[in-house]
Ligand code: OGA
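Presented as structure tokens, the chain that follows is alone, the form predicted on its own.
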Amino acid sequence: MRARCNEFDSTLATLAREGWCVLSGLLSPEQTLALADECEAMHDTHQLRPAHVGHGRDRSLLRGDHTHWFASDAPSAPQLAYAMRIDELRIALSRKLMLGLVDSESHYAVYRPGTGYARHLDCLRGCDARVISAVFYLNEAWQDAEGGALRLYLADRSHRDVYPRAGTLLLFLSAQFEHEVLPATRLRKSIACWMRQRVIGATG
């Protein structure tokens, strides 16, 4: 167990200091490829649906991704491998940073060439359950010239671009960082995940 904690020490320290960080090595290349293949196959067979914005679930021009939510009670083998590792990270974050994270939710996200997601926060209106946003990228041999970066806006009004290379995991505080997905010239695949706290006394 101590080895697992040590694995994430640098990530936890950076997240505590900066509010965001990038981690590599969450999954093996073979596990990442299995997720990428499953995601693309689901996209090709029209199992992903156009994404919506907010509680109203209205389609919006703000975003152009197609998504498929993971079913926690019946994950595929690639999804299970991912979920187990994300849960290890969630537990480490919750214990070390005292974030009270109780669960997570994840979905595949595919952006077709030329589509993106306008600048936004990940917190849903009237609900602060989402604490940590995590994006795991599935794109082999991605080149910067192909675009598709997630642009993270920082408090000093600068920004950082994180390109969606396979095996990269981006973590950031959901309520603190506005961000957008820039259009790409090729199909862009990822897993979007939110680690959540229990909301006490929430109103509808």
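Remember, predicted model here, so these are calculated numbers, not experimental data. Just count from 1 along the sequence shown to find any residue number.
Although not depicted, the form predicted in complex with the ligand is the subject of the following passage.
Kindly indicate whether Trp20, Arg90 and Leu101 are, all three, within 4.5 angstroms of the ligand in the predicted complex, using heavy atoms.
The answer is no: none of the three residues contacts the partner (heavy atom, 4.5 Å cut-off).
His68 versus the ligand, in the predicted complex: is there a non-hydrogen atom within 4.5 Å?
Although the ligand is absent here, His68 would stay clear of it in the predicted complex, with no heavy atoms inside 4.5 Å.
Does any heavy atom of Met195 come within 4.5 Å of a heavy atom of the ligand in the predicted complex?
Answer no; every heavy atom of Met195 is more than 4.5 Å from the ligand in the predicted complex.
Give a yes/no on whether Tyr82 approaches the ligand to within 4.5 Å in the predicted complex, heavy atoms considered.
Outside the cut-off, so no.
4.5 angstroms heavy atom contact with the ligand in the predicted complex for Leu150
Yes, Leu150 is a contact residue.
Please tell me which of Arg63, His43, Arg160, Arg165 lies within 4.5 Å of the ligand in the predicted complex, judged by heavy atoms.
Only one option qualifies, and that one is Arg63.
Could you list the residues in 132 to 150 that come within 4.5 Å of the ligand in the predicted complex, counting only heavy atoms and keeping sequence order?
Heavy-atom contacts to the ligand in the predicted complex: Val135, Tyr137, Leu150.
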